[in-house]
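Given next, in structure tokens, is a single chain: the form predicted alone.
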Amino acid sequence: MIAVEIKNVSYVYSPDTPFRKVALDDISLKINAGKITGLMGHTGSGKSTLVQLFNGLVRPTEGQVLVGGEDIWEDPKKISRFRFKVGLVFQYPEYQLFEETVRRDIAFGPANMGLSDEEIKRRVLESARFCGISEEMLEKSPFDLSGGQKRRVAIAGIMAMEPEVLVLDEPAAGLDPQGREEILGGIRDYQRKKGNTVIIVSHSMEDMARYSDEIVVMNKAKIFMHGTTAEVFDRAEELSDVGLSVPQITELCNKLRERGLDVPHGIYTVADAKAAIMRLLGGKHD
């Protein structure tokens, strides 16, 4: 099943001016439902423009955007309903917090959906758990929290709307390894439990390898590559040609293979590498 489909979409900034820039150039893409899809590419490759198309924040210059098989721009007056279906968390979302307490900030989106108080409470508590927010923290002002805690609150606020598609632009940017693990691990747990579709924009190859089921690579306003995580990272030379890399553990395994060791292709996590090396060692431990 397809969650989001882009058909022959182009997007041009400042058309008919000297500042004209093509951000997306006749791209077509299908995002599979019930998966975590990673989106990567250099700054300026078109990633952020693409994700803003998914819920109608920007309208394509040409082409169609379909969510659940529906053209979201067929009736522009109804575009708001797709913004409940596709939740978008911008980079550094903590700057968007504004309510008096964490609880009220998380509840803002569900409240605007016209839900009952009981349902809003359930969603707030559940999304808070996924994001590692304690009940004690719910009563604090969001402005008294650390940067990482604010990030969790902002993500929880979008999760609480229970969108069919959750889009996150660099959700772990600027966080330390523990913070990255807590936020991305919570997002993964959320997706596994809800069975919905998650799209994560990231520059971190390690994060893409660890949390994504599929990866889309963009380059110069085009879709350069799309496949499973293993398929994409197995094409290391092609990624290198466009200035991207593979996870360090994948690079290590590729070098071991070049030296004649029987290391299989498609290794992109430390756990996979450990299993392959243990097989080479005959299962022996130090």
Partner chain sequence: MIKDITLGQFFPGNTVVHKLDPRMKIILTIAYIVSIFLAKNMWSFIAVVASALLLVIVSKISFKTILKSMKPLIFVLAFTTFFNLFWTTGDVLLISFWKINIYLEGVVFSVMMILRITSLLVGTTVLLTYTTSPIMLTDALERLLSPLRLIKLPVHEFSMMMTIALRFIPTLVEETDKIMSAQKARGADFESGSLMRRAKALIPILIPLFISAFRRADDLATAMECRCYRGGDGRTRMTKLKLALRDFGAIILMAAFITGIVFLNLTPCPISM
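Here the structure is a predicted model, which means the values were calculated and not measured. Numbering follows the first chain given and starts at 1.
Another form exists, predicted together with its partner chain; not displayed. Remarks below refer to it.
Undergrad: Can all three of L57, R83 and F90 be found with a heavy atom no more than 4.5 Å from its partner chain in the predicted bound form?
TA: So, yes: the whole triplet contacts its partner chain.
Undergrad: In the predicted bound form, which of the listed residues (Q149, N196, S204, Q96) lies with a heavy atom within 4.5 Å of its partner chain?
TA: If I apply the 4.5 Å criterion carefully, the residue I get is Q96.
Undergrad: Can you work out which of N112, S116, S134, Q178 has a heavy atom no more than 4.5 Å from its partner chain in the predicted bound form?
TA: Answer to the contact question: N112.
Undergrad: I'd like to check something about F108: if you look in the predicted bound form, is any of its heavy atoms closer than or equal to 4.5 Å to a heavy atom of its partner chain?
TA: Within the cut-off, so yes.
Undergrad: Consider I158 of the chain shown here, and say whether it contacts its partner chain in the predicted bound form, taking contact as heavy atoms within 4.5 Å.
TA: I158: yes, in contact with its partner chain in the predicted bound form.
Undergrad: Among 120-128, 205-213, 183-191, 98-106, which stretch has residues whose heavy atoms lie within 4.5 Å of its partner chain in the predicted bound form?
TA: Among the candidates, contact is made by 98-106.
Undergrad: What residues, if any, in 133-156 have a non-hydrogen atom within 4.5 angstroms of its partner chain in the predicted bound form?
TA: Residue within 4.5 Å: F143 only.
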